[in-house]
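Shown next as structure tokens: one chain only, the form predicted on its own.
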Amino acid sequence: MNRLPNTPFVILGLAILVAAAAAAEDLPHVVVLATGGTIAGAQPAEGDPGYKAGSLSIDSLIAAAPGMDKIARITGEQIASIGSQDMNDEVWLKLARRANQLLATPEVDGIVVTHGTDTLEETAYFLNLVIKSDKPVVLVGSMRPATSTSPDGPLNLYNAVAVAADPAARGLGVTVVSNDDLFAAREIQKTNTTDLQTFISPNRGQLGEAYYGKVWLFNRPINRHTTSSELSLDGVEALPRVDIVYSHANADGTMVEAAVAAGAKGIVLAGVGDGNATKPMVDALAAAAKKGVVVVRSSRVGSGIVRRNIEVDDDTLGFVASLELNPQKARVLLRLALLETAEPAEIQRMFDEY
């Protein structure tokens, strides 16, 4: 009669395997959607400061951050493989729709989006306005390419997965993890070309910290986002054109007139100070507003609030004040608002609430 050798040990081994599989099934399921960026960048040669963004696959990024399988069940999808300087509407719409599709299923507990840092704040704010779930959505990037001597991407990704897997992160809207810090999508801003601590929230501060898989929350966003947002991509195949014009000493109206001629439905002023500009530029913006182009005043300064009717008579000219939103984020909100209305007063309400 044949018998299994060491039968008790075989049974014990099988029991351990079954228990391990069951434990893995109990972990939150986090989907990583990759778009490219420096976090997936590769240098042509070791030690070379240059690199090509978006060179590595999502599987490579996940493999480079060991230990994430202890905090979540992770699956990955490649949405795009680009540097974020090339981020575009096609990728935005694809990313938002896939994220909403995944979040609507009970099998998915959270999403991480890998992204280049150059336009990360714009994508994060865009998703913050159009995601229709309270489940965590976390954007993450890096300042050093994956092949550098000391890449920051793996730990950033590890911490982002930890946030996406944490039930306490529900209801925060879209967030960003960078260099152990946790930020709200609306508040984050890139401030340095190469420094690892490039991201800050200049007006309201960070939401908390994400440190080696542990999450600490300091506060919560108060503006409308995700499930409370009236803005939607339902039936949307294209976003309206909105251009940013930059104010400077001796500026005339040429950039404004060019934007109108190119078919802009909205113009954001990256103004000096509290959203101001030279008289010729303001006159050109006023002329554009009379033609039905929605004009939003923001500031090139980097922090502070652009309020209504301080130095510029917004009521008379029909302008919108961006409040805390910098020019690039004001452009994001204006493009989505224009899908709903072209009334400056109604769009001002949206800037007040979002």
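Note that residue numbering begins at 1 and tracks the sequence as displayed. Source: prediction; values computed, not measured.
Below, we turn to the form predicted together with D-glutamic acid, even though it does not appear here.
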For this session: State the residue from P154, G253, P221, G83 whose non-hydrogen atoms include one within 4.5 Å of D-glutamic acid in the predicted bound form.
Result: G83
Exercise. Can you pick the one in N100, T226, S247, T117 that has a heavy atom within 4.5 Å of D-glutamic acid in the predicted bound form?
Worked result: T117
Exercise. Looking at 284 to 292, 317 to 325, 45 to 53, 298 to 306, which one sits within 4.5 Å of D-glutamic acid in the predicted bound form if you count heavy atoms only?
Worked result: 45 to 53
For this session: Flag S142 as yes or no: does it have a non-hydrogen atom within 4.5 angstroms of any non-hydrogen atom of D-glutamic acid in the predicted bound form?
Result: yes
Exercise. Does the 4.5 Å heavy atom contact test between K190 and D-glutamic acid in the predicted bound form come out positive?
Worked result: yes
